[in-house]
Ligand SMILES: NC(=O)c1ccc[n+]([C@@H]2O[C@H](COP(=O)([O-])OP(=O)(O)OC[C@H]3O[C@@H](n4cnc5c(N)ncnc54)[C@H](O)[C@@H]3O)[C@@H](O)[C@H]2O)c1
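To begin, one chain is listed below as structure tokens, in the form predicted on its own.
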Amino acid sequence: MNQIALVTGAAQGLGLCIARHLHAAGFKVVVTDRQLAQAAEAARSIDATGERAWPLALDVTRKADFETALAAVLEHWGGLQVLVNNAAMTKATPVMDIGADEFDAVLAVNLRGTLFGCQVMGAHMAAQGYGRLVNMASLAGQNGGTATGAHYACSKGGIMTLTKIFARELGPQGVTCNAVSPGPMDLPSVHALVPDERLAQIVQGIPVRKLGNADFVADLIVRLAMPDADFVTGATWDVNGGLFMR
């Protein structure tokens, strides 16, 4: 495979897992993070040769950063076929205590970042007649959140709506746009956010009585990024252990 995928927020956690799986599936991977040093360390951990993993600094709250990143990738590798909008800010502040600045900051990263990524990279893909956009949503956007803040839940609900809009907008040009909506994952970020006692209670409320597997989520994203996933668009793919059923 000679396709290039860019993952935002890929220096750690689920983003790094996604980048690893795309690399293992044969993609060249652009590992982006707001801090270049962290992106570079992550890229080296994926591919020490640097031949198929390349770091870039990218602040998803800035549309100009996406434009700069796109230009850099085109110069470095000559194309871009896949974007995974993964970068996120997660807060668990009680709804009555959320201030304007914190609310705006969470939506700027999670929702506005997804908008800008789909606008910039989606326009390039549409011009080329092919592309795959995958947006990271969350169970919180479907059920209001089990352990996260209202601003996080609102942003993730908005991502699912944006996914439908871009799927309609770009579908005729060969670009698909899907969302993946994980429930609580067995990740360091989840354990850091949720106290152990509260997390144990959450697990007991999950029908399958366990946290989600990040590797499975990454594999699903790889599948949606493949060329033959051309009849799947505008969908939200649930990975939540039965916490939310349609």
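The structure displayed is predicted, hence computed values, not measured ones. In this text, residue numbers run from 1 along the sequence as written.
One more form of this protein should be noted, the form predicted in complex with this ligand, which is absent from this view; the next part is about it.
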*Mind telling me which stretch in 86-94, 67-75, 170-178, 121-129 gets its heavy atoms within 4.5 Å of this ligand in the predicted complex?*
86-94
*Should residue 109 be classed as touching this ligand in the predicted complex when contacts are defined as heavy atoms within 4.5 Å?*
yes
*Report yes if any heavy atom of residue 12 sits within 4.5 Å of a heavy atom of this ligand in the predicted complex; otherwise report no.*
yes
_Using a 4.5 angstroms cut-off on non-hydrogen atoms, would residue 133 count as touching this ligand in the predicted complex?_
no
*Decide whether residue 152 counts as a contact residue for this ligand in the predicted complex under a heavy atom distance cut-off of 4.5 Å.*
yes
*Using heavy atoms only and a 4.5 Å cut-off, decide whether all three of 2, 21 and 79 touch this ligand in the predicted complex.*
no
*Which residues in 127-148 have a heavy atom within 4.5 Å of this ligand in the predicted complex?*
136, 137, 138
